[in-house]
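Form predicted on its own, single chain, as C-alpha cells, below.
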C-alpha cells in the first residue's frame, strides 16, 4: 500500500475503479453520487478509458450492456430513482450472463424523495433488481477504505461468476471524507472471456450475446443452470464482520453507515453490562445467513439497524428461522439514528428476550 489520501467516498470509488482496470464508464448525474461521475469524467480519459455522460439512465445501462458484451470491464453509477430506471438493463445483463459493476449511492425515497442518505433500496438490490429470476452480487462497504477494497472485489467476482455486481452505498459514505490507501501495484486478476463479441478474425465461430429465448424449454434450462451457479455463490461468497459477538446475548445486525453507529451503541451497552455484539453483512447477497444461524444458538435476541422502514430485518428472521425475537431500530427519509437510539433498542431487546 502507498501513502494515505484524504478523499471523499465517491471519488475514492472512482480512483479504485480505474486501478481495478475499469476503462469504460457510462452514467448520468444525480445527487448524492454525482462526484463519482465527475471524477471519472476527469480521470478516466487520462487512463486511456472512455467516459460518456449518457442522455438518460436507461441509455447508460444499455451502453454498459454493449461494453460488457465486448468483454470490457465497465461500470455505471447512480442513486435510488436512477437505479430504478436502470433495472430493465440490469435484467438484460443478468439474462445475458454479463459482468458489470453498478453503484447505488442511496438517497431517501420513495419517488424522488430527498437527497439525504438512506438504505431503503435493500429490497430492490437483493430481491427485485429487475424483472425475471436473477440475482446481483451485492456488497455493502462501511468505510471509505472498504469502498476502495470492495471495488476490486466486486469487479473480480463479477468476472468470476459472469454476472452483474452492485456496490450498495449511501449518501453518508459517498459524501464523507476519510484517509484511504490505494495499492501501489494493483493486482488486477484477469479472466479469459471466450464468449465476448470481439470479432472472430476468421478463427472461430461468432459469439452471440442475447437474453431472448423464445423456446420455453430452452429458457428453463438456462435459468436452472444459472441458479446452480447462484447456489455455489451462496455456499462460497457469504461475507461479514464480527464485532464483540463471541459472548453476545443481543446480536445487532447492521450494514454500511448504520453499522458504524451500531458499534458505538454496542460499546456503550457493554459498559452497562449488556452483552451486545454486531454482525455486519458485507455481502447483502449472498446474505450471511450461516453466521446468523450459528449465533442464534446462543443469542437471546437480535436487533436489525437500518435506514429504512425495515427491509433487511426480513432476511435476519429468515436466516435464524424465527427462532429468536428480532427488533427493529430505524430512521427513514434521510434521517439518521443516533447511538443512543440504537442502544435503547438493544436494552429493549435484552429485557424482552425469552
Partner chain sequence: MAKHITIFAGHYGSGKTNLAVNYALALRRQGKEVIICDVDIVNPYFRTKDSEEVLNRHGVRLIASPFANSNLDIPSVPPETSMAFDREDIYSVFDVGGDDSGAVALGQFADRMKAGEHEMVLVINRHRLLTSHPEDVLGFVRDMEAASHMRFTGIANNSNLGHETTCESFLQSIPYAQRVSELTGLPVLMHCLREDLAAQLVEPVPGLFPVRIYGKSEWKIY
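Numbering follows the first chain given and starts at 1. Predicted model only: the values in this text are computed from it and were never measured.
There is another form of the same protein, the form predicted together with the partner chain; it is not shown, and what comes next is about it.
- Annotated contacts: 3, 114 and 263 all touch the partner chain in the predicted bound form [non-hydrogen atom within 4.5 angstroms].
- Proximity to the partner chain in the predicted bound form, taken as a non-hydrogen atom within 4.5 angstroms, holds for one residue of 172, 153, 136, 269, which is 172.
- Checking 212, 177, 208, 224 for any heavy atom within 4.5 Å of the partner chain in the predicted bound form turns up a single hit: 177.
- Just one listed stretch, out of 322 to 330, 297 to 305, 62 to 70, 36 to 44, contacts the partner chain in the predicted bound form at the 4.5 Å heavy atom level, and that stretch is 36 to 44.
- In the predicted bound form, the partner chain lies farther than 4.5 Å from every heavy atom of residue 348.
- Within 4.5 Å of any heavy atom of the partner chain in the predicted bound form lies no heavy atom of residue 344.
- Using a 4.5 angstroms threshold between heavy atoms, residue 31 counts as touching the partner chain in the predicted bound form.
- Put simply, residue 123 is far from the partner chain in the predicted bound form: not one heavy atom of it is within 4.5 Å.
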